[in-house]
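Have a look below at one chain only, the form predicted alone, in structure tokens format.
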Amino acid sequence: MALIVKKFGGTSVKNAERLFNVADIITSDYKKGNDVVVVVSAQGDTTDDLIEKAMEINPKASKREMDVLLSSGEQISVSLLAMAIEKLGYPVVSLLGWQAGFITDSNHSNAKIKRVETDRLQNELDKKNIVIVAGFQGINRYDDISTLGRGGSDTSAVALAAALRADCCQIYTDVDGVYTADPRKVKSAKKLDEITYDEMLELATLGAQVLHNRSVEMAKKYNVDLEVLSSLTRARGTKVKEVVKMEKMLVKGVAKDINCARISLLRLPDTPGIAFKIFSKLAQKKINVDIILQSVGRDGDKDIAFTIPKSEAELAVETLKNAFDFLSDDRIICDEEVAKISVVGAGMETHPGVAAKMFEALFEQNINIQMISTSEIKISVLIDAADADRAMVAVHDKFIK
């Protein structure tokens, strides 16, 4: 007998037909004698619809009230899925995040899980119930509902698998595994049988919308046996693990991120501490900075450019203008029409020439590179957003045949 944690995304439970399909997957494992805990996202476009309703009432609603609203989407999903399983004749109970023991910090809309108290979960499993848990949510020390950010249901599932010491954690999505690129955009994309935690973490962070990056980070930390698969095809998925056998693959994937903006700060004083002063102000506002480029100082001036999430661009510009008198309108430029293209692969560490090959692919398509960032297992470039899809295909086809 095994303890299995399954997570189903919004497309997997978007209507009655899909709900009964998911119920069948769950009960198939339960019939084999396994304990099953299920994490569910809000149905279909429910979260987007709720956000739209909030904007009609108050575009500047507090994050606390947004959490109260958005958490209701998962409440609908868990109850309907439990009803479907009941109809099939199996014992089941649905739990909201706080009932399942998710204790978070107080950072509304992007809360971090502090711990999972498993007493209630274990009690329900001991009763031989299938347990359906609302993903994406928990409760903070003030007894307020909190949410984990978009994609947070993945993190809920991995956290449950770690806390319960589950035998495996299966993440069901609308694709049947992890591909070398988005198969909807790159026709030649190939499904991977397995990928390392580090590679998956880089791809998730760089824009691949298969897994929430925090879920991969947690899976690596607690060595959770993780698999990405489809609820529609029921084919074998992609295993995410510490060590994989596919050493021959130089690059495992190509990712595209269009949720980024470039901010350029021009003619800054070329003095010690200026970078610290700028980025500490952004850090105080919890603005995440990615690629940073600083020019060589000339005539007492220098330029600094960096990328941030597009959703934080307005706040970043406002923060810097208010903090520094010398940042007038003509010395701070924000460009939201940019995209980041990245290649990821553990094999890159020991193979020279990967950067040159990537740059060649972009040159052949006459695509200009604005900024470059590298690490041991990834290379990212910033380009015009209009070139993003073309660039992703070109780079993918250069590395993956």
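Sequential numbering from 1, following the sequence displayed. Here the structure is a predicted model, which is why all the values come from computation and not from measurement.
One more form of this protein, predicted together with a small molecule, exists but is not displayed; see below.
So the small molecule isn't shown here. In the model of the complex, which residue out of 183, 297, 309, 91 has a non-hydrogen atom within 4.5 Å of it?
Partner contact (heavy atom, 4.5 Å) among the options: 183.
Could you tell me which one of 178, 158, 133, 130 places a heavy atom within 4.5 Å of the small molecule in the model of the complex?
Of the candidates 178, 158, 133, 130, 178 is the one lying within 4.5 Å of the small molecule in the model of the complex.
Could you tell me if residue 396 has a non-hydrogen atom within 4.5 Å of the small molecule in the model of the complex?
Although the small molecule is absent here, residue 396 would stay clear of it in the model of the complex, with no heavy atoms inside 4.5 Å.
Is residue 217 a contact residue for the small molecule in the model of the complex, using a 4.5 Å heavy atom cut-off?
No, no contact at 4.5 Å.
Looking at the partner-bound form in the model of the complex, is residue 259 within 4.5 Å of the small molecule by any heavy atom?
The answer is no: residue 259 has no heavy atom within 4.5 Å of the small molecule.
Spell out, yes or no, whether the shortest heavy atom distance between residue 264 and the small molecule in the model of the complex is within 4.5 Å.
It does not: once the small molecule is placed as it appears in the model of the complex, residue 264 has no heavy atom within 4.5 Å of it.
Quick check for you: of 288 to 296, 205 to 213, 320 to 328, 96 to 104, which stretch puts a non-hydrogen atom within 4.5 Å of the small molecule in the model of the complex?
Among the listed stretches, the partner-contacting one is 205 to 213.
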